[in-house]
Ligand code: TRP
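Take a look at this one chain, the form predicted on its own, written out in structure tokens.
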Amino acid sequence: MPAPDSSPRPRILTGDTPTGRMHLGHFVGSLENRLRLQDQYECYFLIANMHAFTTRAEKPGEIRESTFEILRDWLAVGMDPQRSTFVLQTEVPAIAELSWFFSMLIPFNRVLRNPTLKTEIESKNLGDQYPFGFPLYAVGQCADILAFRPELVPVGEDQVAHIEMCREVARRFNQVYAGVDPHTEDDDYPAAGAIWPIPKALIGRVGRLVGTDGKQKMSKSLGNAIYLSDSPKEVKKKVAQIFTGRQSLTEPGDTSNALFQYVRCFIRDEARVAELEDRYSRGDNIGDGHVKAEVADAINAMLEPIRARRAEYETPDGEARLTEIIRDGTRRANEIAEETLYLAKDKMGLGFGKRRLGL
């Protein structure tokens, strides 16, 4: 397989923790941006399988299968390993080493104040029984990003707090070890001798897609998700369940409800969207069922080629093909991450020579 284009371009790093199949919230929140930016940026897409162990350490087989599921979905939507680098977190040892160094630069109470971390503890009912590695993964996520020295990190709205912590760590390391003046503007860090640019979050077209319950963010754990791999019948069934609270065809409807978020996300004809909004808001003899049918048709039209591409990797030899993609990406990823680690260690007085990983 040809190596990704190596010409100098600004760099992107983003990724996903393997928790199973990906859904429409992932698509509009981040995957669309990845597709759009593949030819403009040098892209690194990371499967954070190490982070998956923070809550499922006793289920390694499930994590392995979820890793392949994520990769199938990436390929299905059109992410291209010949134009971008696919990275498996556990195959890049520099990430773990950087996590250790970064953990010395950020206070423990700052990590626990991360709102995304708090939300996960609540949504997963972890209480105070989570392992030590669970808060550590927030620091590890900084290492995931900074190992590749990106300028942009395409994420959903719920991940912005993690990116802000990453920015804090990058500033702190650059100030302590690279001698960058703390008053330096973020955009000026590279010119001031920094190892890392201060990365910026890039939010997707829809920062937070509501699930079919009409209330919570779309999530596998909440059972309100429409998956990229769902069949046409499953999509229609799930769209039909979207809650609006509206009672009749002639009752004026609230177009800020969950159903009309889907209308605006997935019906691409702007004139038709405007017509539906107008009629619904006036109670002009249009019911939720009619709108839901149009939404389901639009989603299925979008998913049809995605399902077809995914099927190519669900064959008997599919897992072997996916493994080869991982191995190819790992070789390129380790070149960059090892270079980053050496630059960091050299600034820390630990530069005793570059190492070479067996590939």
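Note that the coordinates shown come from a computational prediction; the quantities given were computed from them, not determined experimentally. Note that residue numbering follows the sequence shown and begins at 1.
Below, we turn to the form predicted in complex with the ligand, even though it does not appear here.
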property: Gly15: touches the ligand in the predicted complex, heavy atom cutoff 4.5 angstroms; result: yes
property: Partner contact for His51 in the predicted complex: the ligand, 4.5 angstroms, heavy atom; result: yes
property: Distance check, Ile145 to the ligand in the predicted complex, heavy atom within 4.5 Å; result: yes
property: Interface membership of Gln159, the ligand in the predicted complex, 4.5 Å heavy atom rule; result: yes
property: Contact stretch among 134 to 142, 200 to 208, 259 to 267, 67 to 75 - heavy atom within 4.5 Å of the ligand in the predicted complex; result: 134 to 142
property: Of Val155, Val180, Val239, Leu276, the one that lies within 4.5 Å of the ligand in the predicted complex (heavy atoms); result: Val155
property: Interface residue in the predicted complex among Leu322, Leu46, Val295, Val28, criterion: non-hydrogen atom within 4.5 angstroms of the ligand; result: Leu46
